[in-house]
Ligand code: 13P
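Taking the form predicted on its own, here's one chain by itself in structure tokens.
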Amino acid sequence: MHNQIFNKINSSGLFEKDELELNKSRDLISEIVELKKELNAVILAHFYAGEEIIYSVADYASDSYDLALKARDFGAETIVLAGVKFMAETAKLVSPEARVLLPDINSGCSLAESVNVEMIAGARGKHPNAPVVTYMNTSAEIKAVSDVCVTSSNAFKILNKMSEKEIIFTPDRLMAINLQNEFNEKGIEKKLIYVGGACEVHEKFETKYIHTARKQYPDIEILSHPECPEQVICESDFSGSTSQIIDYAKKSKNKHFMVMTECGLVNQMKIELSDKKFITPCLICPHMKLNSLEKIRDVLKSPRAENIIEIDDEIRELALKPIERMFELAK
């Protein structure tokens, strides 16, 4: 099985390893597989974590919404979250009895770090009748002072279901702008008040990349993540979450795509949809790329206290409510 995985990766041309490196990786994978059996552990990986993890040791790979569902439903004694810290915290919120491990405690998120509890309190003070809708890319402390959580795959659906016309949206200002534009275009009366920053990766995508791609491939379709700047979304053929982008490309009859999101997803699409051509301005999330086979092995074998996700009971109880409301509204 492992040989087939590495043959598949190598044949894609995404990266090459010499024989010594390949043998080391095979040994690591075998060790991780045995540790998973011993510990009744599952490895959940975000699409951006990298194809070497996704195609070798991950039990499931998806976007943040699906990972939360899987963390809740797997029933594993140990969950390794090959992603970033807020994802591991979410896994602990929905599966409190599990031991949740984060391979590298430094795998943060610029969005999660762009907002704090005081900022949310300030927004509530100015808009006392507006509920706080929080993007999943936030800490448990921020979720605990929120009314409902959303992900990029369900944000529009959930916001549209809410009866309130004025909504505080945190922390992604670019996603808030894009959602506001979508409501305006559809004639839906909503006013989003955004609090927070932007993704350090997605905010760097520019329309010049789109213009160059359309000149090279006149039939190309531009697929973008809603964390991208407003003008990029306006000039795209489709905007959606990582899972939605993959589904769109699978169903499309087109053969040429430019994907405006983190490089890890594009590499995966090149492997899984080898009959289609994907190009991208390759921007990499430094936090996601802190994950590695070595760190996954180490955190399973002998986790440090800092790698074990713990959440205060009071915070967990409060933070779980907006997540459960998300699950309910996203049905």
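From 1 onward, residues are counted along the sequence shown. Keep in mind it's a predicted model, so treat the numbers as computed, not measured.
The same protein has a further form, the form predicted in complex with the ligand, not shown here; the description that follows concerns it.
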| query | finding |
| --- | --- |
| Contact assignment for the ligand in the predicted bound form, among Asn291, Ser64, Asn267, Ser56, heavy atom within 4.5 Å | Ser64 |
| Interface residue in the predicted bound form among Ser152, Ser146, Ser224, Ser139, criterion: non-hydrogen atom within 4.5 angstroms of the ligand | Ser152 |
| Location of the ligand contact in the predicted bound form, chosen stretch of 92-100, 73-81, 235-243, 160-168 [non-hydrogen atom, 4.5 Å] | 235-243 |
| Touches the ligand in the predicted bound form: Tyr135 (any heavy atom, 4.5 Å) | yes |
| The ligand contact at Phe86 in the predicted bound form, heavy atom, 4.5 Å | yes |
